[in-house]
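Shown next are two forms of a single protein chain, provided one at a time as structure tokens under the names structure 1 and structure 2.
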Structure 1
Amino acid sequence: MAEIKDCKEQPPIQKRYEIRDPIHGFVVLNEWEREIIDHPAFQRLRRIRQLGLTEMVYPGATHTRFEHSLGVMHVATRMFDEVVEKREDFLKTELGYQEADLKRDRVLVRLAALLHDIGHAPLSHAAESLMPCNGAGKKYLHTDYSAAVVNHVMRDVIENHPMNRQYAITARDVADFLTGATRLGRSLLWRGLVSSQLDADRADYLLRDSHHIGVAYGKYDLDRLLVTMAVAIDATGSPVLAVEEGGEHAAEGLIIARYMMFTQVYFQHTRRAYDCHSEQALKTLLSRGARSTQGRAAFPPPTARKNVEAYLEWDDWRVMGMIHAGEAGEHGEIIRERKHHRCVYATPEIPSTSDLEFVEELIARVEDKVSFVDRAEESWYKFGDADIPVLLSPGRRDERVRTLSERSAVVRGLKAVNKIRIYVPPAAQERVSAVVQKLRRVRG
């Protein structure tokens, strides 16, 4: 980390630090952010790979949530600065922002972006099914863990730094920003920079994952997108983050990049098999570790400091060490030896009723041979509430907002993927494949 001279935005005593980044060049930090990054909970992200066991298929995929988190803070800040620079008068006159509000929200956005993955489970998203349910029967998400880490573990480093005196940002403010809690009120406008279809999270991971994996599917024009970001009031009277008309094809580019990355990389059949093996190996480890919630293996719920601290003990190093030591059962061995289960049947990306019935019938016939059924589900474009607002004629009298889905036949044409795959152990592959062929003939 290189220390550099102060910039004019910061008081003279403040130092800035630069971290070299393969995607964005340099990520700039202040002292407060550096202390947050030095916190053990944040350093843990060095031990959480961004893409779990994707390296079993794409050997370059060994990058971590640590560098991604820095990248998200960098991109979210650039987005915020572009919007404010371009629409400062609008923010002040139409939305009632004062200079101090904007400065405070900028800091809040940076902290939330930096900490958005602080509660990530080991082996990436594969472990999320092992998160317990809350009292209402709803499963906790990794965002809930991120908010809990911020609230229970990082309060001191967030609230008590001298740089926070002028902002009075609380750990709860950051946690609420991450979960979208309504008490944040107007500041929620900026949440779209961390959680939306054009957020800094996907803006960063698409480029970063492409770079490390060695594919071009996730590339799009980030610079064009950034210079066309704006804030506006939509047709219903709500303030929204938008992209100017000139950036709508850059926005399409990001949506298509995400579609390509999911279908070509994240949903790749062997990679998905390793998600299932990871989940089962972790389940074995959690059940051995006397952490059981509601009668099943699960992480401790993010409801108290001691639970959060116990949760943070779990990282990829610990899990891989236990797998290496032979403690993770059959699926741990599969991971260690790279002898994954095989896909014997997959529906099309958009299955018909007949395809879905085929899955049910096949499972009924070979249930004892099936090791897991994988559902790769994702929608590429979210209409309605989450549609991307496009700002037409910005700054002119006929300024107005339309949605990207109204204007883009490309995004209208992207249908959600609901691909189902059936996996069996290698020893059963031939036999079950024969059943698949026979069933296909019977069903015509």
Structure 2
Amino acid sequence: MAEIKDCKEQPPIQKRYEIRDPIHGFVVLNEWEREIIDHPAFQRLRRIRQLGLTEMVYPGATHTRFEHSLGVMHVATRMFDEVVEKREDFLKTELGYQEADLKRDRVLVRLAALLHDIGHAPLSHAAESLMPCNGAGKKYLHTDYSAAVVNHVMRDVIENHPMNRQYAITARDVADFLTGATRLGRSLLWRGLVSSQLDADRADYLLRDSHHIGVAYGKYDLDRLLVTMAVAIDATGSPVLAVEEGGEHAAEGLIIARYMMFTQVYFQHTRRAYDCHSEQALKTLLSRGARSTQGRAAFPPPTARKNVEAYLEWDDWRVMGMIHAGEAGEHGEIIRERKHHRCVYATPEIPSTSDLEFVEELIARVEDKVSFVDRAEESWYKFGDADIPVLLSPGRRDERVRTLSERSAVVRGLKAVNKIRIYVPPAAQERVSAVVQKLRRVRG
């Protein structure tokens, strides 16, 4: 790892390393974490780009899941440290934490944050539709693959490092943290640092993606958000990670940044076209590779070590090499030649009944020419149990928890997007566009 240098000022007893990061400055590692990063399964993340083929639209979008994972560990650690520094007495008196418990949970948070994307598929999220279903008919997620990689492939490097003697953290502990298994008990309090509406994952990728793409949409006040994070007891008597009332606007800023990045970047019409082409190209490659599950092309399920090892063989380098070799069918050729299908009609972000009727009528008229219909759906804020807790009057006798949606008109006003686009091959673009214009005139 050429970018790593020794930190000369650190004590020789526990050697530490630094990796220079374009977003956070220096990310500091210990020997145990470096060995995990050196593991082939983690090095694979160098070969998986964070945003798939987004570089076809934004040439700077060539950053990887490798650097993102380091960034998430860094941010999650800062979040943990801020909460503990501010609420250490609360954690010890109200939740029964001892100093050793906090030290162990800090290590667990760092490992889980570092490994949260270890099971990510190639070409970013475009491949997730090709993950199989489990016995209950529910589709596996990349989180399930990450947990399986940790359990089946990384057990030795996690459990048997000398630095783990004082913590006794198991691979199962890390995997269960990623999936939210209840057996972790009190330690699950910290899972929100890796998986929630205010987690280190979002905190990192918004800043990182906007930096590499060259847009300002994903920027927000991370430092303010960090210094206002806390832990509290909610109305049900459960401990929760929260943001103090002084950090409400910083939390709003992150949510708005995410909204802007999705609507202006992740849902950009050409970028979405390449997601569709990527999915179809991968489907062809999986079929030709005799990888099928439940009668369709799919990655092997994360149920056994041999399946996990076969899954880890897939990365962007392999996929793009097969595309270059002409093995990915029609959609592989489209990617190679950059002759993506064109969007001929798009609804507003929140379509009306009339917009939806227009889509149906248009498809009926040009069905033989439609290559795919893209539905860009996203809910910017989850209410109910997922609502962000806000701690009012922190440190006082009357401190209490409310939800961000109760206190923020901005959050309450964000409506889910359900943008529908119709794509056709370039040769059909002019003809179908004429049909769109004619139908608009007819419908007034």
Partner chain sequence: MSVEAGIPWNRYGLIAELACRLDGESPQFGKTALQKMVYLLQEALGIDCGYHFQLYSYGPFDARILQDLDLVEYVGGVEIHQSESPGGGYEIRPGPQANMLREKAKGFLQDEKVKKALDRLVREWGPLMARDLELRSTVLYVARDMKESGDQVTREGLLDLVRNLKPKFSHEEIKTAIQELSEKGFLEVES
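Reference numbering: structure 1, starting with residue 1. Superpose the two forms; the largest set of C-alphas matching within 1.5 Å is the rigid core. Not measured: the values here are computed from a predicted model.
Between the two isolated copies of the chain, the form predicted alone corresponds to structure 2.
Relative to the superposed core, A310 undergoes a Cα shift smaller than 2 Å between structure 1 and structure 2.
The Cα position of R20 differs by less than 2 Å between structure 1 and structure 2 after fitting on the rigid core.
In the core-superposed comparison between structure 1 and structure 2, N134 has its Cα shifted by less than 2 Å. With the core fitted, the CA of R431 sits 2.5 Å away from its counterpart between structure 1 and structure 2.
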